[in-house]
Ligand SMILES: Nc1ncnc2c1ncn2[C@@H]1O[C@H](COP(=O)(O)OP(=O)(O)OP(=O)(O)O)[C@@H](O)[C@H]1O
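Next up: a single chain in structure tokens, the form predicted alone.
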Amino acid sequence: MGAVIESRGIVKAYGGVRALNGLDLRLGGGRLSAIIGPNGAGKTTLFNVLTGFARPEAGTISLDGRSIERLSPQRRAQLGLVRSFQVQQVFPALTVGETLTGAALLRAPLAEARRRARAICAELELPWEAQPAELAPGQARRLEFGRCLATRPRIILLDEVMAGLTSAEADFMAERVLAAHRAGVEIVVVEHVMEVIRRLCDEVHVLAGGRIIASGTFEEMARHPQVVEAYFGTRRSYDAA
């Protein structure tokens, strides 16, 4: 069984609004998971809380049974928990190669970090000497994923990594995500592209009102009345045939 991250009773409020309201969730353990929900459901907030970029008002978070809710984002990353961002978070003056090498330095000495960065750059078909501003949108998404891979992660939380990609780019990314999962990295995706979720994920968790309202396979969730009502906004289910 792979790494497991678990949250219990998580509460995160902004002003008077509870983005997460007593959320319980267990992720990892060998299953490629998706978290879906309507806009504003709290999906990115959940990733922020799990990775230490936001502190919850209540609740606990554990990684393989170890409490991590008081740890910094860097310390969580050193333990193998990393995430991508919807909006690319890079140093604009650094090249692709420098960005990947910098990420790899989190858990490797310089020579090894450079080797790993070059391997990931080749795997993701990225231009080593290019700067982030020179990348096409699909390449920028791959760089965000590559930066996660460079840290030798145990769990990657991918926040809409397929957003804005062409069909061919999404296929390319999906194959690399699956390859990482087959290599032993736990993957959790927040995604709006239903075809990607159906193709990639073993389980789907549906977030609404700050809580998980249902969990199961894609086919089960696509026909779950409460999920259809909350996520799709209609009593018609997504065609999962």
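Being a predicted model, the structure only gives us computed values, none of them experimental. Just count from 1 along the sequence shown to find any residue number.
Keep in mind that the form predicted together with this ligand is not shown, yet the notes after this line are about it.
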| item | value |
| --- | --- |
| Proximity of A41 to this ligand in the predicted complex, heavy atoms at 4.5 Å | yes |
| Interface membership of V17, this ligand in the predicted complex, 4.5 Å heavy atom rule | yes |
| Residue contact check: R199 to this ligand in the predicted complex, 4.5 Å heavy atom | no |
| E169 within 4.5 Å of this ligand in the predicted complex, heavy atoms | no |
| Partner-facing stretch of 57-65, 178-186, 24-32, 42-50, counted where any non-hydrogen atom is within 4.5 angstroms of this ligand in the predicted complex | 42-50 |
| In the predicted complex, the residue from Q78, Q86, S72, T95 that sits within 4.5 Å of this ligand by heavy atoms | Q86 |
| Residues of stretch 143-175 in contact with this ligand in the predicted complex (4.5 Å, non-hydrogen atom) | E160 |
